[in-house]
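Presented below, as structure tokens, is a lone chain in the form predicted alone.
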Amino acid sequence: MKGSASSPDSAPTMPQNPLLVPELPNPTVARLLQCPTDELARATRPSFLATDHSPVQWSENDWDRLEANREPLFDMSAVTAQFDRANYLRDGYAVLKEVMMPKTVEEWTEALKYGQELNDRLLKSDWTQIDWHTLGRTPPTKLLTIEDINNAIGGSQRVPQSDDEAGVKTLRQHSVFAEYFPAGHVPYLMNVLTHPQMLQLQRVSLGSDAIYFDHNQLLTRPPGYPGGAWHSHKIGGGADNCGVASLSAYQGQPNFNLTLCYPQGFEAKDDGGLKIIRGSHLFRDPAGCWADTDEEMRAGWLAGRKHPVTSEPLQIEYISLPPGSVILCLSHAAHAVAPKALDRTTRWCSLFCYKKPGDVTGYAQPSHSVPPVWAMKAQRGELPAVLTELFRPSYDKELTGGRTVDSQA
């Protein structure tokens, strides 16, 4: 039987961006937001994980060391040669092949493997050792099943998430799971998130000098991965499920840029590769453009649709990428992931999502997954200036125009 709001297995409801809400829902959350950030940071990195120098516990010297030791991520001449912003806005995505530096490919791959190792280590651990009270909830009495754990090991987005009976949502929101906000676990990925070349790529892609962070995930696809269904993502700000947009209207929205980074690449068939539909973003239809299979997508949402700008029939495109490549994708673009055959090797990928404010309102949409400890650190001036600014949509009510994740219209 599932826990109810009054059962001991239920966590107090915590808003996704607790620093943005006008009134906290309960005293437990209020206490959490008043505690020292180093105390909350320790709770998010249980000692049994033996985390290696997690960025959430860095000192000022650590941040200075990160800045002093930066090396190029990308061959920016290759990025410039391949990226055409007009085409990106028109088609909803751009492919940048072999733009990572050779050392970047090696270090990024190792960083993703380490992040997955941390995730698997948590799945195999005794969760009764977690400091649940500091994380804002009573210790759960229900456990994940052995089947749940075995199904999730080695991949991403496989842990049951429909409720918080076993504490999964709590661990996800606080990024105790490394797959959610892995930059907060892995130094190299924090370097990527804040790297000047990455930030410049976001400014060019979004057509805005003002950019903010939204979310970051591991997207590990092991052999036997069954594939991901067709979908697109909401952006809020009144720009979802509201009809076809012109290019100028689309640019004016508070757009999100999904930056999918593949240090080892993938093949188009049976390799966990991305599938996408050019021009689908302009329909702004996350409620409608979903399907379980390619055949269902062709017979349903795709049938008879044409690109609003080029008038070409919309069609599914199957992408193949060499190592060291990046795909930029606007959130409204319909996309899916191919299955991963059992004889393939793991597909390594990390997602970094950034966004711009709306041109008319100047408001940025609230962040989807900045863990509370990071929002608190930013609000309290405990982070470098660049990261404090990137995290502003997780704590700055003026920037978000009073919006929370639950009120993005």
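Keep in mind that what you see is a predicted model, and the values were worked out from it rather than measured. All residue numbers are counted from 1 along the displayed sequence.
What follows is about the form predicted together with a small molecule, which we do not show.
Screening 286-294, 122-130, 225-233, 136-144 for residues having heavy atoms within 4.5 Å of the small molecule in the model of the complex returns a single hit, 225-233. Lys355 falls outside the set of residues with a heavy atom inside 4.5 Å of the small molecule in the model of the complex. At the 4.5 Å threshold, heavy atoms of Gln264 stay clear of the small molecule in the model of the complex, well away from it. Proximity of Gln157 to the small molecule in the model of the complex falls within the 4.5 Å heavy atom cutoff. A residue is said to contact a partner when one of its heavy atoms sits within 4.5 Å of a partner heavy atom; His185 fails this definition for the small molecule in the model of the complex, lying far away. A heavy atom within 4.5 Å of the small molecule in the model of the complex is found for exactly one of Met100, Leu206, Leu274, Leu112: Leu274. The contact with the small molecule in the model of the complex, taken as any heavy atom within 4.5 Å, belongs to Leu219 out of Leu219, Leu89, Leu328, Leu193.
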